[in-house]
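Consider the single chain below, provided in structure tokens and representing the form predicted on its own.
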């Protein structure tokens, strides 16, 4: 890419912060609930450690954390690399795909979280877009139609940001096969896997054995610790050494105290913690979608994640209209045109706010 464009996300956060009156933030996907208690306790214990505990951890991550992830994901520990959030894990996979595999194109869904195609361009790759289905999922037939020897990677995010679409077992199996047939990587970003509302809808890509498969994830959303930057990738043995080297050259390593606290939380946090947060978000989704119906809006009810896309008649999803919504309703969302070409008439709202009912009422009153 010739120049680096500042993400719209940052602009709107600043715009909302500087706006007059009370503004409800539905721009960012920043969790508003508490992290696990065990994570806080782990950090307190860490602060009392000796000086050695404040030094570099192993570049590919604390062995205990990698082992815990490997056990939970059913993979060999040597395939696990701890990264600075899922964002770095995706970057490492995409950069390696463009360097190691024969193609220079990366296949993405549209709409798409902007960082994927912006990262592709930053790496001098070419994004190829496939229009998502109405429910936010991808049709493997459509993916197959655009893949070729020029394809270096197929990148999907499920549950999806921004649509809330969830890719099931059969879809992921076919996408893995398409990647294999084109000597490309299939990169499955599963960072929202703890927030699936339709039972049985989600299937991790790790259900399949393939030398062309990468799965990325993080604890940012599931443990409400976006500031701790603890993510990971599960990489095929054929490229994991290259991934480790690239990770070391870019970041050296990741935070030792953050990794240590996540490890404590993994071993001590009951499943009820995750279920409680999932149920809370499911209720927010129901409340918000009910208000959209009242306002006469078209919307995509998410099967996972915590974002809702909506379309109001005569109100396209432009930056100008998003700013206008902040000024006139006090609700800050994201413009649909930030996510690609197919949902430019839509807006995206994150329901990670305890004021979702109030926000829904404001939108219903404004548009209804």
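Numbering follows the first chain given and starts at 1. As the structure is a computational prediction, the values presented were derived from the model and not from experiment.
One more form of this protein exists, namely the form predicted together with another copy of the chain; it is left out here, but the text below deals with it.
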**Message:** Which residue, 139, 177, 99, 150, is the contact with another copy of the chain in the predicted bound form, using a 4.5 Å heavy atom cutoff?
**Reply:** 99
**Message:** Quick check on this chain: which one of 146, 122, 77, 280 has a heavy atom within 4.5 Å of another copy of the chain in the predicted bound form?
**Reply:** 122
**Prompt:** Out of 309-317, 296-304, 331-339, 32-40, where are the residues with a heavy atom within 4.5 Å of another copy of the chain in the predicted bound form?
**Reply:** 32-40
**Prompt:** in the predicted bound form, does residue 289 have a heavy atom within 4.5 Å of another copy of the chain?
**Reply:** no
**Item:** residue 73, heavy atom within 4.5 angstroms of another copy of the chain in the predicted bound form
**Value:** no
**Residue contact check: residue 248 to another copy of the chain in the predicted bound form, 4.5 Å heavy atom** = yes
**Message:** Is residue 173 near another copy of the chain? Define near as a heavy atom within 4.5 Å, in the predicted bound form.
**Reply:** no
**Asked** In sequence order, which positions of 202-224 have a non-hydrogen atom within 4.5 Å of another copy of the chain in the predicted bound form?
**Response** 221, 224
